[in-house]
Every structure is written in C-alpha cells, then in structure tokens.
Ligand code: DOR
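First, one chain by itself in structure tokens, the form predicted on its own.
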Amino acid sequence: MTALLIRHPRILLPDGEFLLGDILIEQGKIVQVSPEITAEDSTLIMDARGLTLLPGVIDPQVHFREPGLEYKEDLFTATCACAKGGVTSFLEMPNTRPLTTTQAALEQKLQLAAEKCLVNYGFFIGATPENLPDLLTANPACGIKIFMGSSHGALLVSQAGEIEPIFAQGDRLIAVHAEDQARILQRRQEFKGIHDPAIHSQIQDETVALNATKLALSLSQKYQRRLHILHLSTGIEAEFLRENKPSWVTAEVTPQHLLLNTESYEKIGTLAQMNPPLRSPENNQILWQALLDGVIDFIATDHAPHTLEEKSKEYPNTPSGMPGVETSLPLMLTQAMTGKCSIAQVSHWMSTAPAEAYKIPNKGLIKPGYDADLVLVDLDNYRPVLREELQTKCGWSPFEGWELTGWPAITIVGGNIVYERGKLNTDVRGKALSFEQ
C-alpha cells in the first residue's frame, strides 16, 4: 500500500482545535500529523489546500436492505452513497430477509459485506421473543436491536414480559426502537380511514415514544444494562432523559428530527413519513438543545430507503423511512456554518461519540495510530441536493433542493481513496469493524 501525504488541509485535532498542516498515512494508519511533513520519494502527495479534514463519519443506524430487499438498496449501492457522503463506517439493522437473528444470518451478512462494501461495516443481531441464546453468543455483533414497536413478525418484541429477559441476561449493548405498539394499534383504529400522511404523526404520537423509552430505561436501571435509545424524536423524551438518564445510557437523534417537522408533510407528502414520525417545530428546538447539552449523545441517519413507487401509494399503504447517508454530514456542517453548533461538535456527534459508544477501537479521531478513515470537506461552497446526483438506489432525498455546504470532496477508507471529486473508486473494500467488550 502506497503511503499518502495530505498537504495543507485544515485538520480537526482531537481537542477540537484546527491545525493548518500535513498528515501522513501508511499501511492504512495515520502515522503523523504536523505543520509540515517531508515526503519520501515513493509517497503519493495530495494537495488539499482549501479543504477541511475530519474523521470519517460513523453512521450507527442504517437499513441497507440486503439480503432479500435489494430492489430498494443493496450493500454496494448503499456504500457508494456512504463514500459520497463521507460515511466511512456503518452499523446495520437486522430487518432484512432472512432476519439477522442467528449466527448463520450474521455470518451471511459479513460475507456479503466483505464482497460488496466500499466502507467499513458492522451488524446488529435482532431480538425476537425466542432467540435469547443467539443474543448471548452471536459474534461479531455491535449490539442487540429490539423493535418495541413499529414492526411486525418475529422482530416485534413489544410486551414487557418478552423484553425483560433480554435485559436480564448478558452484557451486550441493547439498542431500542422505542415505540409503544399497543398504543399504536389503538390509535390506528381511532384514525382509521384518514389518508392524509400527516396523521402518521398523530397515530404514533409523542406518548407512544415516551411510554416505550420509560420502559426501556426502567429495565436498564433494574439490570444495570447498557442501553442505547435509537432516533429520539420528542422533546418530552429528551426532558425525561435530562432528569433520569444514567451514565451507561446513550441516545441518538437523526438529522430529519432536527431539521424536518410536521410542516414537511405539506411540502413532500409521504416522503416525510418515517418511524418514529416527524414532530412539531417546537420539538426540533428541544432536541437541538438536548444535543448541545449532551443529553443526546450522537447522530445517526436511520437510512431506510424505499422506492418512489412504494412512497407514491396512498397513506397508510406507504412504507415509513427515508434515505440519509449522502446528506447527513453536509446537512450538519451547514448548520454549523449558520452558528447553530460548531464543526468540532458535528464531528464529535458523527464520528467520535459513536466510536466510543460502540467501543470501536482506533476510529473517530485524527491522531497517530488511528485508522485512516477520513473525509475532506469543502466549507467554502454551497450546492443543492439533486436527485440525479444521488448514489442511493432509491434515487430520492427528503432534502432535495436544499442548498448545503460541507460536501465531501474526498473520502478515504483505510488509507484508500474511495471517493474523489465526483468519482467513486469501486475497487476499494472496507473491513469488518471490531467491538471491544
């Protein structure tokens, strides 16, 4: 592997300060960060003047649809989108076909990923009411995913009596989709016959989310079990966690729940439909404050693509979910440029904190000894989100037309350039992530 010297970017250091300097990469690792580095004759030199160098994004919640649902997305198309969006590692969810609920299914995904993924990869194992032995032994899994609501079939684990045994045994991180399935079913009956997609946010209301988050937190406290709350969507959950969240519990928020809200239904219709749903503009502000205060620990996209044909059906026959890996970093960096937060905070939320939470070694910072998973972004220019430029197979974005800055110019995975100024290097392959106990 040829050594790579990146010259003259503005480098985000681990302390949150910036250095205008050079960075040397050898054998897929960062070996030196300095104001100026002298290159050997064989070293590949990249001039990154005018760009900002950040750790590659770790997206800790995605649905890449393979195996079984490749018509929506597959591991190759999804990781092309990752590379274009500066996402160098991802953690993927178990609701594929077959479900990732056994060691064999996990190994199948790892094999597919080794063949097809342009970036680094890790996978959750999904909980069912019957697969506790697999949850205790399956490796390497980044955690256990429990769908407390908004699911069906074997992955729905909605009753307290089914959920508690999972918390009671083992010590692997548990990540929950926290929605109260019983209340969802009740409210679906109450609002039956309404086809306006905006009703989705009333059916799966804020109480649906709070009920499940309270249950998960109570079980986590009872068993001192590591808990992560996925895609927090409501202000009442954020304020509940502000008062009750122990040190071993983390939470995430999506760019959608920070930047979109119930007004989006009028603009983009069912493209705004997701689980948990978008909330009122007031919730946007409370979630932002919770993120800034550290009540919410990091950001994930919940990239969940569906075809435009599926999304064009009449509610409630439309699937919930939207793509996000290509736009998450520029969306957040655009917020930083408006003064909503800092660039260093964005990098912490999207790289450092996910690596810490999932105990992924040598990821999420720019420092010697760490893996060379990096992204060079352009913070001087703004470009719109254009449907025709998207790499995701589903071919659309809820942020279409938004003018954003911080678009990745170059993405590097394991010291290899996987994306450079509009061109993908599809020969690059990421590696399986490891998770320290």
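This one's a predicted model, so the numbers in the text were calculated from it and none came from an experiment. A residue's number is simply how far along the shown sequence it sits, counting from 1.
From this point on, the text means the form predicted together with the named molecule, which you will not see here.
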item	value
Residues 123, 228 and 350 all lining the named molecule in the predicted bound form, heavy atom within 4.5 Å	no
The single option of 363, 306, 172, 245 touching the named molecule in the predicted bound form, heavy atom within 4.5 Å	306
The unique member of 321, 316, 235, 269 whose heavy atoms fall within 4.5 Å of the named molecule in the predicted bound form	321
Options 297-305, 205-213, 98-106, 326-334; stretch whose heavy atom lies within 4.5 Å of the named molecule in the predicted bound form	297-305
Heavy atom of residue 177 within 4.5 Å of the named molecule in the predicted bound form	yes
Non-hydrogen atom contact residue 158 with the named molecule in the predicted bound form at 4.5 angstroms	no
Partner proximity in the predicted bound form: residue 251 to the named molecule, non-hydrogen atom cutoff 4.5 Å	no
Touches the named molecule in the predicted bound form: residue 274 (any heavy atom, 4.5 Å)	yes
In the predicted bound form: members of 39-74 within 4.5 Å of the named molecule, any heavy atom	61, 63, 65
